[in-house]
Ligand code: MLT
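Shown below, as structure tokens, is a lone chain in the form predicted alone; questions about how it binds or moves come after it.
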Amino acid sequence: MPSVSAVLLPDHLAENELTDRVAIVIDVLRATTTVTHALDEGAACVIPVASVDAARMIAHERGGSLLCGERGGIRPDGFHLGNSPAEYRRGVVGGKDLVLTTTNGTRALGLCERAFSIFVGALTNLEAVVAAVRSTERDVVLVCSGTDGRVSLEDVICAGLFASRLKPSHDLDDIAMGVMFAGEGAIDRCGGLEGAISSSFHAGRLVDMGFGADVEYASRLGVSDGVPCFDAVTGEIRPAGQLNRAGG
């Protein structure tokens, strides 16, 4: 039976921990939620980039692409879109390449390039990603992106739900079991999933910045059938079905 492990921050990944394994990268607030929504709204692909300067350069080289992202939650000067899922409407992003840089999530994706497959996981697409991961029959590593180098409660909750859903088909190691229990405990204490996500430090900061609707949307479980997959060779995130048709 394949196994599930977890890391609370991407910097905790051991050198060979991802070899021949599936990585599920989680940044609930907000990068992986936004990527999933953008592709649902018809974006051609998302190119995750670690730095603002690199994003500007890549967007310049890819004519017609949109420059997207945030630093400290705010859209940098000259960017077309920030990191709010609400901005990624079909009429804006449909058919477009999106060059995205965020404080935490895009960096985490880059650190997982050694994995056999890299899935973009959020609460919104959790059920769809679980089904896709089960079909691989490979060991799984849940990678929480964190916030500014600190563990994020919302990512731990999401990782815990992934672990819980995978438990019937996978063996959970001690860390995966721990995040499952931690997530379940937070949800119970807060009276439900949305309350638990809203109780996190990062959620409170986003609410104070006027992004309360993003927190609410990111707390919705299984509202998307999208399974974004990051191809580290091309540097693009596309729906998993498109990668399969391309032979990826």
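Since the structure is predicted, the reported quantities are computational estimates derived from the model, not experimental observations. Throughout, we count residues from 1 along the sequence that is shown.
The same protein also exists as the form predicted in complex with D-malate (MLT); that form is not shown, yet it is the one meant from here on.
J.: Indicate whether D-malate (MLT) has at least one heavy atom within 4.5 Å of a heavy atom of residue 31 in the model of the complex.
T.: Within the cut-off, so yes.
J.: Residue 125: heavy atom within 4.5 Å of D-malate (MLT) in the model of the complex?
T.: It does not: once D-malate (MLT) is placed as it appears in the model of the complex, residue 125 has no heavy atom within 4.5 Å of it.
J.: Any of the heavy atoms of residue 202 lying within 4.5 Å of D-malate (MLT) in the model of the complex?
T.: It does: once D-malate (MLT) is placed as it appears in the model of the complex, residue 202 has a heavy atom within 4.5 Å of it.
J.: Decide whether residue 70 counts as a contact residue for D-malate (MLT) in the model of the complex under a heavy atom distance cut-off of 4.5 Å.
T.: Yes, residue 70 lies within 4.5 Å of D-malate (MLT) in the model of the complex.
J.: Looking at heavy atoms inside 4.5 Å, which stretch does D-malate (MLT) contact in the model of the complex, given the options 115-123, 99-107, 134-142, 166-174?
T.: Of the options given, it is 99-107.
J.: Going through 171-187 from first to last, which residues have a non-hydrogen atom within 4.5 Å of D-malate (MLT) in the model of the complex?
T.: Not one residue comes within 4.5 Å of the partner.
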